[in-house]
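Presented below, as C-alpha cells, is a lone chain in the form predicted alone.
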C-alpha cells in the first residue's frame, strides 16, 4: 500500500514531536539516532526534522535482532559482552549531544527460544556503562525514546499486521491526535509536575506495596525528589525522555528494601518475554527470581554487574493513563511501563537527588522496568513521624 499525503503529514508531526519536545535538539548538536532497520521511514523523517532544528550532524546506527540472534547462538563466549573499541569512542562522543532511540521491534520473536543465560549476558557492558554515565549520571545528553508502528510490532500485539490500528493507539497515547500536540503535552506535564509536588510535600521515607503475591517495603532517600517525566540536563536543557509517559517517579535508597514483589503483566528482558515474574528481596538486594516464563534471562541480567540486583526507580501511575485506558499489551516497555505503577532494578537516576546522593544511588549498567500496579495493589507511604498514609489504592491516587 502506498503512503498517502496524510501518512506523510502524520510522520512529519510525529518526528517533529520527537525532535523538538522529546530530545529538544539544540542548535549545533549532533543527534545520535539508534533504530531497527524496519524503522527507516521514521529515521529519515527525524533526520530531516533534526537538521531543521539546527543539528550539526545526525549519526544513525541501525540494529538487527536476527544478527544478534546469530551471535548469541553461534558466537564464542567472548563475543557476548564485547564492545569494539570504535564503539567505545562513538559512545564517548555523546557527551553534550542529543540522542533518540526508536522502539517498536519489527521482529519481536527474533530472540525467542534462545538460551536465557547466554541472552542475559549478551550485552555490550562497556558501551552501556559509557552511555549510562553520560545520560544518567553526568546528565550531559538530552534524549528521548519514541516508537514506530510497523507490521511486526502490530502482529505481536494483535495477531495480524494491523498497522493503522497500532498507529491509532500510538497517536492517542502520544497525544498526536490532538490539534496541537505540543500544547497538549505541556498541559499533561503541568499535571504530572503538580502530582510530584504533592508527593514531595509528604516527605515520605518509605513505600509499602501490598497485593496478591506482593508485600514489599522500599526505603526512600531523604534528599531524593519525586519528578515528572520532564527532565533537564546539567546545563539546563529541558527534554522528555519517553513519549508517551504517564509517571511520577523517584530513585529509592537502594540499600533499603525487603519483601516479595510480583509483576502481574509480561515484560520483555533483553528481547525475551518474561511472564509471572516474582522477586524476593533482602537487604535491598534481589536474592531470588521466579517466573512462569523467562526466569533464566532475568537471573543472567541480574548477574551483569554487582549492582544490577538493587532497585533504581519507583514510579507511580494511576488508571487515567492513556496507555492504561487502551488495555493493550504493547510488547514494548516504552508503552507497557506506562500502563501502571512500576519498579526498576539496576541504575538509579542521579537527577532525582538534591545534592550528593551518597550510597543511596544505585550505579549499574542495567535498568529494567517491570509493572507492579494492578486494581488489587495498595501503595502506602511512611511519613517522618512513622505513620503510614495511603498513596495509591486500586490504581487511584489517595493524595490531593
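Residue numbers count along the first chain shown, from 1. Because the structure is predicted, anything quoted here is derived from the model rather than measured.
The discussion below concerns the form predicted in complex with a further copy of the same chain, not included here.
- A residue is said to contact a partner when one of its heavy atoms sits within 4.5 Å of a partner heavy atom; residue 85 meets this definition for a further copy of the same chain in the predicted complex.
- a further copy of the same chain is not drawn, but in the predicted complex it has no heavy atom within 4.5 Å of residue 344.
- For the chain shown alone, residue 353 is not a contact residue for a further copy of the same chain in the predicted complex, no non-hydrogen atom being within 4.5 angstroms.
- When a further copy of the same chain is considered in the predicted complex, residue 47 lines it closely, a heavy atom lying within 4.5 Å.
- Annotated contact segment (heavy atom within 4.5 Å of a further copy of the same chain in the predicted complex): 73 to 81, selected among 269 to 277, 73 to 81, 140 to 148, 239 to 247.
- Contact with a further copy of the same chain in the predicted complex, judged by any heavy atom within 4.5 Å, is made by just one of 124, 224, 169, 206: 124.
- For the candidate set 93, 325, 198, 191, a heavy atom within 4.5 Å of a further copy of the same chain in the predicted complex is found for exactly one residue, namely 93.
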